[in-house]
Every structure is written in C-alpha cells, then in structure tokens.
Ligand code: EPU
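Okay, here we've got a single chain as structure tokens, the form predicted on its own, with questions on binding and movement later.
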C-alpha cells in the first residue's frame, strides 16, 4: 500500500488578520502555499474545490461574510537578477514579496522606474492583476512576463506583457475571475538611468523650481503625499482607494464642467476616442461624503476615495456605505462609480451588476 498523500488544507480559518479592512470572516477551507512543489503536490485537493480565491496581502478586498470556498494563501519569496547590462536590468520577483519593500530594494540597487509607486499596499503578485498605478505611472510599463499557475488546468502558464491585456486597474488575470490564476512570479525591466515621470500635478508643482530631480527625491515626495492623504492600514483599517476614477465622454465632461467649474478631470485617449478621467475622490467629496461617519465605518477625512473601518467586525456595513455613495454620485453627476476593491461573500451575487 502506497503512502497516503498529505494535504495542507485546513478548515474554518479566521481571516480578520489577513485583510486590511480588519473585518471578521472565516474560510471554510484554507491552504498556505510555501513552494511550487507544494502547490503541485496539493493540486488534486485544490482542484476538487469549485470555489477558490487567491489571497495576497489582503489590501484590495472586502469580506462581507464568511467565505464558503478555499482560500489559497501563497507565501512565495525571492528576488533574482536574470539579465543585466549598462542600461537596464531584468528582475524575476516572487509573488509574495511586499510591494513597497520591493520598490525600496530597487531604489537602493539603482534600478529605476517604480519610485512613483511607493507605499502602495499589497504584494508583487497583485501588482499585474490590478495593474496598480499612481502619480502618472502604471506598473504595466515595466512588466515583461507574469508566471502563473493555472488552477483550472493544473499547469504553469507564462503570460507576456501583451498576453496580460492590461487596462486601467485591470488585466486578463483579473478578468479571468478569482481562483483561476495564481501568480507565482513577475518579471520587471527597470532602467539604470533615471527617466522620471513628473507629470502628475502635485509632483510637477513641487519640483517646478528644481533644475535636477533624483529618483530618491521623487520616492520621498510620493511617500510624503501618501502619508498625508492616506491612512496607514495598521493604524486605521482600510483597503486603499475603494473606487476607480471613472471615464466619461467628452460631451459628458463638458456638461459637468458647465455645472461644476471646479470639476477635477484629465483628458485621456482610449480606442481613438477623447474621454476624460474624473477624480472619484472629488465626486465623493462634492457629494458630501468626505469625513462622513456611519456607525463604526466612514469615509476618510483627508481622502474621500478611502473608506475606513473604525471598529466594525461586519464588512457588509462598509459595503452598504459604498452603495450609498455610488447612488448619490449617480444621482448628482450621472456617473456610475465602480469599485477597485474586490467584494467577497454571500451577497456578491446581489452586487454583480452594481459595480461592486
């Protein structure tokens, strides 16, 4: 008789310490993955679970109830230089590396490009899924390859930059749905000679009178701006920006600008169309929600894009606040906000068509 296969799947595991909203939730099944070999060895048990979710740093999700499926919690670490010359370096970074720590590592080594993305919470593996971006830079600009384990087929998959089909806070991996792909590593190409991006207004104004600017100065300023505007999840539970900045047609923008001259929006070109990206934080603040407290949850007093949890154990109360905000913005501006945060739990079916 052969040796029985050992499984690392646990049951009824508490998740409140693994989500930055700090809400209470339990996973019916849970597995921590420490290596690719472990992932492959336990794949039959993983595949037997029809409902799966890959949990990274827990910074971009909201549990509104217990999770009835399998939570897969990868802990894959390591940074490797795989190519280098005088102009650039290619790094293979394991998915569970902390994003901000990776940005600091690159700056320390003289690998440039990611300094605008400092202090974004989460892991390296989540970066391509969400196509994280801030202060005029999106991570897709530096990604050449994403290695994934296809949890539906039980095999490794290499996705090139084009394969990932990156879009604003979106990618093929995200659109495939939770529990399809588990990112194992990401390859980045970074410059050794700085090519700073200072187009974002706060950076442009801050450095306007300086003849030369270093990546370290950009990094420091970005950290300062984020610290002033965004609460530290360790001190005040939140998941960062809850909503995406919506895109509107030029005609819609002009109508809004006539009614709201102070409207904050930026022109963008998508599919050869002229559109405008409207600041969701401005919409929420103008609708009267900045600093608003409802029970034990609320909207941050310095940044209306951020919903915060003071002492509430129930994530559905955060969801209810988000829905109230969406309804108010729709009524006032005829704009439908969409959540950047993923909502998980038994009420998800009711919210699939509501932008959440």
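Residue numbers count along the first chain shown, from 1. Just so it is clear, the structure is predicted and the values come from calculations on it, not from any experiment.
Missing here is the form predicted in complex with this ligand; even so, the following discussion is about that form.
- Shown alone here, residue 145 lies farther than 4.5 Å from this ligand in the predicted bound form, counting heavy atoms only.
- Although the partner is absent here, residue 244 sits close enough that one of its heavy atoms falls within 4.5 Å of this ligand in the predicted bound form.
- Although the partner is absent here, residue 226 is a contact residue: one of its heavy atoms lies within 4.5 angstroms of this ligand in the predicted bound form.
- Interface residue remark: residue 169 is counted as part of the site for this ligand in the predicted bound form, having a heavy atom within 4.5 Å.
- Exactly one of the stretches 278-286, 174-182, 89-97, 67-75 approaches this ligand in the predicted bound form with heavy atoms within 4.5 Å, and it is 278-286.
- The listed set 200, 206, 253, 219 contains one residue whose heavy atoms approach this ligand in the predicted bound form to within 4.5 Å, identified as 200.
- Residue-level contacts in the predicted bound form: of 122, 215, 133, 233, one residue has a heavy atom within 4.5 Å of this ligand, and it is 133.
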